[in-house]
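To begin, one chain is listed below as C-alpha cells, in the form predicted alone.
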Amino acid sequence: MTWETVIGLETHVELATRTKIFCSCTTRFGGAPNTHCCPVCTGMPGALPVLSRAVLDYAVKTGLALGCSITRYSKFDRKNYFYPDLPKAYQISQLYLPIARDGAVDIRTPAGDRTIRIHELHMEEDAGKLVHDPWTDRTQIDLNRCGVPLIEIVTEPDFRTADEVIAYLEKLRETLRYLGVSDCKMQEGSLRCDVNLSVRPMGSTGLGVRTEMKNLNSFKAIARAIAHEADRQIELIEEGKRVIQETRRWDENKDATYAMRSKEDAQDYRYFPEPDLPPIELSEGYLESLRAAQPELAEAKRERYRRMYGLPEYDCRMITSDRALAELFEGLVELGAPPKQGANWIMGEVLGALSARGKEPKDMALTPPTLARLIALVGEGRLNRNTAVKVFEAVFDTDGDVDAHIREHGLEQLNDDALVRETAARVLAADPRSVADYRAGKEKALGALVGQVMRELKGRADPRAVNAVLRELLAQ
C-alpha cells in the first residue's frame, strides 16, 4: 500500500519588542536566571496585565502580510494547565477570537508550487524554562522568558512532504524578518515549530490519528523528525497496531521521536475569557495606517529587480535574502553604482566578510556610500579589482574612508604605460623558463608572469593591461 503524509504546523514566533507582552520587563535574550522578571510576569497575586501596543501592531502587521482577515473585535482567553515553568498555572492566549484568520502563503518546491492555508494567527505569552543540572540531578526554573510576546501561526493540514514544510518556514522567516517583527533566530528560540503529522492511504480523504512533535528548532531537525515519525506510524499500522494521539519529543542524538504525554485537546485546558484584559477593538483607520506602513517584501523586490535591472534570478534571490542586503543594494543603485556590479559585490565580498565574522547583515558597519565609492573607483580605472578587495576588507568593519585609506597606503592604480612595459620586459628577461612554457602552448605560464609583474608594481597596475602588454612582448 502507498501511504500519504498529512502535516499541519503550529509556529511560535517570539516578537522583537523591547518589553514583554503584559509588563515592562525586558525581552533581551540571556541574562542571569530570574532577573528579567516582575510581579506581572511571575504571576504574583494582585498584579494586573496591560497589553503592549507594539505586540498588537506586530501581530496585525504579520496577519496583513500573510493575507489574513484581521479580527476587528478580539479578546484574550486563559489556557489553564499546571507546569513548573508556568507560575500562574495558566497562559494568556487567544482561542475564541484570535487576532487574524484565513490567510495563505504561496511556496515553491522542486515538485511544484503550492498554496498553504493559514487557519489562524493569535497572540500569547511565553512560559519560562526548566534547566536540568545533571551534576546535582536537580531541575531549576528560569522565569526570564515568562511573558515574552509570541504570535502562534497555525496552518491547515496542507503539507504532504518535508520539502514543503521547509519551503513554507523559509518563506515565513523571510517575511517576518522583512516586517521587522522578529529576528527568527531558531537557536535562541525566536522561531519554534510544532509538527502535527498523520498518515493515510494514498487517495483517501479522511485524516489519520495525528501526533504532535514539539518545539523543533532547526530545519534539519524538522525534516528528519517528519521522515522518522511518518515511517514510525506506517510501520505501526502495517503491523496491525494503532497510532496513539500524543505529544512526542525529537531526540537529536538517537534520530528518533519518543512519547512525552497524551495529546491534549482544547477542552482539556478549560479555556475561559481572560477577566483582567479588555477586548481589543480595531478601527479601520488603525488598519489602514498599518497597511500603508507595510514594507515591500522579498518576493516583490525580486520581481522588481528582474524587471528594472535585468538581474538574473539567482542574483535577485541572493540580494533579497535579507532586508539589510536589499537596502544596501538599493542604496548602491541610488548612488549610481551599476546594478550588476552592486549585486556582485554583495554576493561576493559582503556575504564573504559577514560569514567570516559570523555577523548578520543588519549588524554590519559598511554603508552604501562607502561601497559605492569603491565600485566607482574600480569603474574609473583608479583602482584595480584585486586592490579594491583589499581596501574593502580594510574599511568593512568601521565603514572607513576609502579615499583616505588609498592615499595612506599608496594604492591608487598606476596608469604609467611605460613603467608597466618596462617592468614586464624585466620579468620576461628574468624568467626564461616561463617564457618558453608559454610559447610551447602552456597558457598557465602567462598567469605566473602576470603575477610577477603585479608584485613588482605592488599590485597597483591594471591586471588586464599587464596581460595585454605581456602577450604583446611574448609574441615578438
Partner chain sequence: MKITTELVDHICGLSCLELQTEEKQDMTAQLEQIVAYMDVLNELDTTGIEPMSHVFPLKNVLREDEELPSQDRAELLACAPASDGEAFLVPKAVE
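Just so you know, these numbers come straight off a predicted model, no measurement behind them. Positions refer to the first chain, counted from 1.
Missing here is the form predicted together with its partner chain; even so, the following discussion is about that form.
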Interface segment, criterion being heavy atoms within 4.5 Å of its partner chain in the predicted bound form, picked from 238-246, 78-86, 308-316, 216-224
78-86
Could you confirm whether Lys442 comes within 4.5 Å of its partner chain in the predicted bound form, counting heavy atoms only?
no
Is there a non-hydrogen atom of Glu380 within 4.5 angstroms of a non-hydrogen atom of its partner chain in the predicted bound form?
no
Contact of Pro33 with its partner chain in the predicted bound form (heavy atom, 4.5 Å):
yes
Within a 4.5 Å heavy atom cut-off, is Ala425 in contact with its partner chain in the predicted bound form?
no
Can you work out which of Pro369, Pro273, Gly180, Gly336 has a heavy atom no more than 4.5 Å from its partner chain in the predicted bound form?
Pro273
Among Leu56, Val450, Val435, Ala65, which has any heavy atom within 4.5 Å of its partner chain in the predicted bound form?
Leu56
Heavy atom within 4.5 Å of its partner chain in the predicted bound form: which residues of 18-51 qualify?
Arg18, Thr19, Lys20, Ile21, Phe22, Cys23, Ser24, Cys25, Thr26, Arg28, Ala32, Pro33, Asn34, Thr35, His36, Cys37, Cys38, Pro39, Thr42, Met44, Val50, Leu51
